[in-house]
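As a starting point, one isolated chain is supplied in structure tokens, in the form predicted alone.
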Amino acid sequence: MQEIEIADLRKITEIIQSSHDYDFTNYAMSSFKRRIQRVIELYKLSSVDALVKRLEADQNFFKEFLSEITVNVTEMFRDPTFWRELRDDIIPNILLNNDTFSIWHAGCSSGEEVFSIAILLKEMGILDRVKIVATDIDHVILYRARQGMYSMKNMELNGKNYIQFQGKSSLTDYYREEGGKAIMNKDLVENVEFREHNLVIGDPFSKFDLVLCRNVMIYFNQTLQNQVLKLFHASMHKYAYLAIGAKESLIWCEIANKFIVVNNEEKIYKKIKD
């Protein structure tokens, strides 16, 4: 197949925006290009034009396309030191001034991190005092997150992460095995609202004490990262915390002076100005 050019990517983003009101113009181009290539090969499309026609005419195909383009690899308790920092320092600090609090898990993907935070809160004895809103752009992946069903193959790595996190129990206490799948305990997500939300064009919809958005912004260019960080700032109470991915930063962005660095290694920040 011929090389995908910048003009082709522009054509694709324009048709997505005009037909479906999703804006991919500020996605990191190298990553976007790789994923477009993958979609073309996966659906055996003859050209970029064939992809554009399909995107224009077929709403169901667009939903599948969206899942392929935004797919993220995720795991439970990824970077165990981050989860220890949340449990040992960040959440106790939030609890100094709040009996109850709220978390926005933005770009929650298939939900492994949502279950991680739920397990962490349960082990702290405060799960029933925390409201979690978990959002993603992709309704298919949100459905998977709601189901809380994961391949048993993946649970080996998840279990190792949990041990390094120094959990109080065993990860096996939080799911049952059925037909090669781990089915997570539903009581973990009783206080979780899963909802569709587009970080690119979405508005603030509530105020939170902790915002988690790890390893999502690496797919955005700086313009879009800036936009998303402003959205997070507007969605946080004063003195709320923001956690982003290990390869991400907000020290360069327009609103950097409205945050202080709490833990540079784990990329945790605190909002100090409205």
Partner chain sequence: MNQEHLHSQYKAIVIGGSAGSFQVISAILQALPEKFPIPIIMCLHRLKHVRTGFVEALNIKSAKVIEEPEDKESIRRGGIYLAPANYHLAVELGNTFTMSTEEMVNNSRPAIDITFQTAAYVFRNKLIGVLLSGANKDGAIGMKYIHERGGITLIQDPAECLIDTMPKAALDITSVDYTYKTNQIINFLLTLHKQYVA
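Because the structure is predicted, anything quoted here is derived from the model rather than measured. Numbering follows the first chain given and starts at 1.
Although not depicted, the form predicted together with the partner chain is the subject of the following passage.
*Asks:* In the model of the complex, does T81 come within 4.5 Å of the partner chain, counting heavy atoms only?
*Replies:* Yes.
*Asks:* May I ask you to state whether E75 is within 4.5 Å of the partner chain in the model of the complex, using heavy atom distances?
*Replies:* E75: yes, in contact with the partner chain in the model of the complex.
*Asks:* Is S235 close enough to touch the partner chain in the model of the complex, meaning at least one heavy atom pair within 4.5 Å?
*Replies:* Judged by the heavy-atom cut-off of 4.5 Å, S235 is well away from the partner chain in the model of the complex.
*Asks:* Against the partner chain in the model of the complex, would L157 count as a contact residue? Criterion: heavy atoms within 4.5 Å.
*Replies:* Output for L157 is yes: heavy atoms within 4.5 Å of the partner chain.
*Asks:* Only one of these stretches, 244-252, 227-235, 205-213, 52-60, has heavy atoms within 4.5 Å of the partner chain in the model of the complex; which one is it?
*Replies:* Of the stretches listed, the one contacting the partner is 244-252.
*Asks:* Assess the spot marked by D23, H139 and N185: is the partner chain within 4.5 Å of a heavy atom from every one of these residues in the model of the complex?
*Replies:* The answer is no; none of D23, H139 and N185 reaches the partner chain.
*Asks:* For the stretch 25-61, I need every residue with any heavy atom inside 4.5 Å of the partner chain in the model of the complex, listed N to C.
*Replies:* The stretch touches the partner through A28, M29, S30, S31, K33, R34, R35, R38.
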